[in-house]
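As structure tokens, one chain now follows by itself in the form predicted alone.
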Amino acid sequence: MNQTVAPETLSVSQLNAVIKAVLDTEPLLSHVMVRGELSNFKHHIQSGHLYMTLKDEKSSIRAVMFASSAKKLTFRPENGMKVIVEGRVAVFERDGQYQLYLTGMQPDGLGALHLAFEQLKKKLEEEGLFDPARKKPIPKTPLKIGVVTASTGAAVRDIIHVLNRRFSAAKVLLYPVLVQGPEAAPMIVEALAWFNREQAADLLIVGRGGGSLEDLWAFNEEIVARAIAESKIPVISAVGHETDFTIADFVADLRAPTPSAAAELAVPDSAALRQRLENVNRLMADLLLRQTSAGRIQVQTLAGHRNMQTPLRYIEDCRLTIDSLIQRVYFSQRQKLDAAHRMLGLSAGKLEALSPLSVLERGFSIAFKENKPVRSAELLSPGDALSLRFAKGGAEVLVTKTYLQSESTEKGAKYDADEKKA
């Protein structure tokens, strides 16, 4: 008789660990490709991880892509986007839920590169990196030109050939880089940084020859676009053929349709420049000749002037003019001096009339009490000692009596009458 063995009792954690071990050892689930539609998409800013749900018409499964893999995406995932993902299936033991751990993702339908191109173009345009106002002017005659491209291939040969043919005075400095593949973009960024750090060029040409969208993709990388935008040295982009457009073309200070055209735009044509200089020299020579002729005529005119023919007569005329000026100055100053003398006489007469000495000469005297002039009898008392000042000499007197104005007037009138009798 068979006996049923009772199963071992497991904890929830143990059960989840068993399921995880089973899934982790299943080869089919260690690397899967799954097609579905994105929903519940979240980008965790702090960690950089991406969380989402992948679904179709009947089912859904949770998925996560860690920051190390998310940084390699060439487009920005969005809800509703149909994608093909790559990764493994495993259990998150804490929640007991299985989910996809993604290592890759690409759009399903529209090509990933085209989508990434449009998304990055829109992002950088919104930031203003394509704004014509921020583009730097291209120098007219750069003497040091930096070229960032592959050291082999038609692009570098065409650029150097055109630069030497058009403007051999310019020094060309090549910084060789890879122009396709995963290492191309970092090398281009480093080349731009070196030229700016060393200030080794007046102008930079960055580009490569033609190719497929995948071949040109290094010039669609965001790090390359931002390096071009941040360059203090003006940049001409020269990527692919005339119909090819890259993000670098939109960010650069000037876009050239081909590497050869970039060299044409970078420097002036030395032959045309030489012809222009010859024209300027000819114009300057004609101008100098006209000015010399005009100066010669002016000298001849001056030489024929009477003063130049008889310079002594001119000097005599100047002497007469000076003598006349001296006489006018003398006469003017004499008139001013006479007027000043008259004013001085009038002022002296007025001062003489107002002088106290003139009053004393007419028979008046001045009384002083304690060296101060006495202006009123009210200030005196009988017995006060006074000093009298006459036109000639003086006297010391004692006051015996004082009186007011009325008495003084009567005595004065009597004095005048006695004077008349006498």
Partner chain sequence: MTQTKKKPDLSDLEFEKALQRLEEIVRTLEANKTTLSESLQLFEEGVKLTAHCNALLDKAEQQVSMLVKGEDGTMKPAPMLPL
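None of the values given here were measured: they were computed from a predicted structure. Positions refer to the first chain, counted from 1.
Beyond what is shown, the protein has a form predicted in complex with its partner chain; the following relates to that form.
At a distance threshold of 4.5 angstroms between non-hydrogen atoms, Arg276 is in contact with its partner chain in the model of the complex.
Its partner chain is not shown here, and in the model of the complex it never comes within 4.5 Å of any heavy atom of Gln99.
Although the partner is absent here, Arg290 is a contact residue: one of its heavy atoms lies within 4.5 angstroms of its partner chain in the model of the complex. At a distance threshold of 4.5 angstroms between non-hydrogen atoms, Lys140 is in contact with its partner chain in the model of the complex. By the 4.5 Å heavy atom rule, the three marked residues Leu163, Leu173 and Met284 all count as contacting its partner chain in the model of the complex. Per the 4.5 Å heavy atom criterion, its partner chain in the model of the complex is contacted by stretch 164-172, the sole one of 318-326, 252-260, 84-92, 164-172. A heavy atom within 4.5 Å of its partner chain in the model of the complex is found for exactly one of His114, Arg157, Lys336, Lys123: Arg157. Among the residues Leu73, Val280, Ile297, Met343, the one placing a heavy atom within 4.5 Å of its partner chain in the model of the complex is Val280.
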